[in-house]
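Here's a solo chain for you in structure tokens, the form predicted on its own.
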Amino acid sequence: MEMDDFCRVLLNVAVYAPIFGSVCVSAMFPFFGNRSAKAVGVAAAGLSFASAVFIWAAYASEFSSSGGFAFATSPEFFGVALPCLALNAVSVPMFALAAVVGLAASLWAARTEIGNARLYFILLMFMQGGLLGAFSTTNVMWMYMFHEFALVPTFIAMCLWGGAGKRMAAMQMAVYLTLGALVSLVGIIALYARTNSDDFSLLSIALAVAKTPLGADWQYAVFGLLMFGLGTLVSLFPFYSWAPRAYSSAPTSFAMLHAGVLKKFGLYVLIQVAVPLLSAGCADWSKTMAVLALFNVVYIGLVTMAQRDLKMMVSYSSVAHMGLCFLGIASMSVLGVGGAILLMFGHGASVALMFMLSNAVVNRTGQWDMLKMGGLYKRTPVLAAFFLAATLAGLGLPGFANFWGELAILVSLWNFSPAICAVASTGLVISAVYGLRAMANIFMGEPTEGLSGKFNLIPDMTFGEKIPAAILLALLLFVGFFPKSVTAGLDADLSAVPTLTQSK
């Protein structure tokens, strides 16, 4: 079997293994115990992880210089045509990120005591399959559908296993994301209808646009629909208030997948679909997008500084960092958009790690309030080391994946607008303040009175907790030292986009 054919098989395995596992456990629900369901979930995530990593390496070595989509496959299941799958330089890193975070989330859930773990893993596997499908299909409508497949399990999981205020958080999330998804859907249908494309595939729509270019007014309207609809999914200011509550209330594994991967979907569709096909609309909206993104970076960054609740701090910081990704798109340059993809990748791994470690801290202390902790490094040196590494990765320290994304975005912004670049740079200072202060409050100094009675009984991370944390940290370091593992092929793909002319 040739490499191309083998990768096509692996692409289908990566996407459908979690969905198949979810269906199997659902169909034979009475015959699966909690341990068996956990084993199926970890095995399915492991299959997706191994397949995605192999595909990532194969693409980087064989197709990165040519550009375009590779490993295109249109499988059938008992005569039913399944969505066409393929990967390009934009989708490969996001596909790999979904698989790696999916494995880490499954491993973390497997070592956690969960009521009705069978249903928990059914939802978790279905969410993983939806994520992998959303970042690998070349059909715009199927991108949307896979996103919905991944989104629904989050609502259910929040209502069943969420923390304090879970129902209100789930309701707010449902309202915001339903409205955002509907606005996005209107934009997708309008793009399809206006171009008279044969179907919703990216290739068909791109050929239709090349044959009959869309007018500037129409591009402005459609890009605006997509920007605000998808922006709501990504928590672009002012449509962000659902995210902190949702992430702080969601079960840890679902928060890892949503904040780390699913939240990047809106940015991904803007880069993969809206910017290439609606270049004039992107140019018209770029300044507005940049101003809204600055509110994410600065205003929400300041709100993050005011948080005492550890999980709320991590949740708000996730919203703040999305502003830099939008700024990379607004710069309308190959360098800026490439930096946005790098930051999406790095942030996805680092925020998933932060949610995991935050859960470990709270399980040991029984506290969410960081001011009621202190001195944990004496009892949990390994946990402290992982937490410090995740914090430094989130700050964009050299050696981690986030650094290259933030650097590329800021350089592109200087060419776009020195004033916007200067304001955006303050976000790095703000993130350093709340990140290092959290590290100091939790691990440094002396334990507070609330911990003094049980301080000597607090254990360090177990072996089962270290494995998923080590996987995510290794990913951050690998891309930090070898950024071309993500950027390989991006120049070829992004340079073909008309509006990205500022820096090539």
Partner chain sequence: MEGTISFEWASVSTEATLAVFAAATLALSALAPKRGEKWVSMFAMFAVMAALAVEVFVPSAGASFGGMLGGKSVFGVFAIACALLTSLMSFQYFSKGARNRNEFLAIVMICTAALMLFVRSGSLLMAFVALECATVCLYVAAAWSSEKASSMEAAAKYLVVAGVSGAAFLMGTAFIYGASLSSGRNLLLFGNFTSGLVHPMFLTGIVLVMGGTLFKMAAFPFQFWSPDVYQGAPTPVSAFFAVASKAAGVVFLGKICMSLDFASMGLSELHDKAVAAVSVIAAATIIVGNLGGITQINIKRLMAFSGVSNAGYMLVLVAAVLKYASLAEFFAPVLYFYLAAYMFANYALFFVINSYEGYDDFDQSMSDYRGLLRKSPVMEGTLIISLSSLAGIPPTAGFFGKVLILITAWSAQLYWLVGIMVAGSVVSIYYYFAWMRASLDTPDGVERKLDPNPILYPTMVALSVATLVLGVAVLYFYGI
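Quick caveat: nothing in here was measured; it's all calculated off a predicted structure. Residue numbers count along the first chain shown, from 1.
The same protein also exists as the form predicted in complex with the partner chain; that form is not shown, yet it is the one meant from here on.
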{"query": "Listed range touching the partner chain, judged in the predicted complex by heavy atoms within 4.5 Å, from 341 to 349, 423 to 431, 138 to 146, 395 to 403", "finding": "138 to 146"}
{"query": "Residue 192: touches the partner chain in the predicted complex, heavy atom cutoff 4.5 angstroms", "finding": "yes"}
{"query": "The partner chain contact at residue 31 in the predicted complex, heavy atom, 4.5 Å", "finding": "no"}
{"query": "Proximity of residue 389 to the partner chain in the predicted complex, heavy atoms at 4.5 Å", "finding": "no"}
{"query": "Proximity of residue 288 to the partner chain in the predicted complex, heavy atoms at 4.5 Å", "finding": "no"}
{"query": "In the predicted complex, the residue from 283, 72, 119, 207 that sits within 4.5 Å of the partner chain by heavy atoms", "finding": "119"}
{"query": "Heavy atom within 4.5 Å of the partner chain in the predicted complex - the one residue of 368, 377, 200, 299 that qualifies", "finding": "200"}
{"query": "Candidate spot 107, 262 and 270, all three touching the partner chain in the predicted complex (heavy atom, 4.5 Å)", "finding": "no"}
{"query": "Neighbours of the partner chain in the predicted complex among 139 to 169 [non-hydrogen atom within 4.5 angstroms]", "finding": "139, 141, 142, 144, 145, 148, 149, 151, 152, 155, 156, 159, 160, 167, 168"}
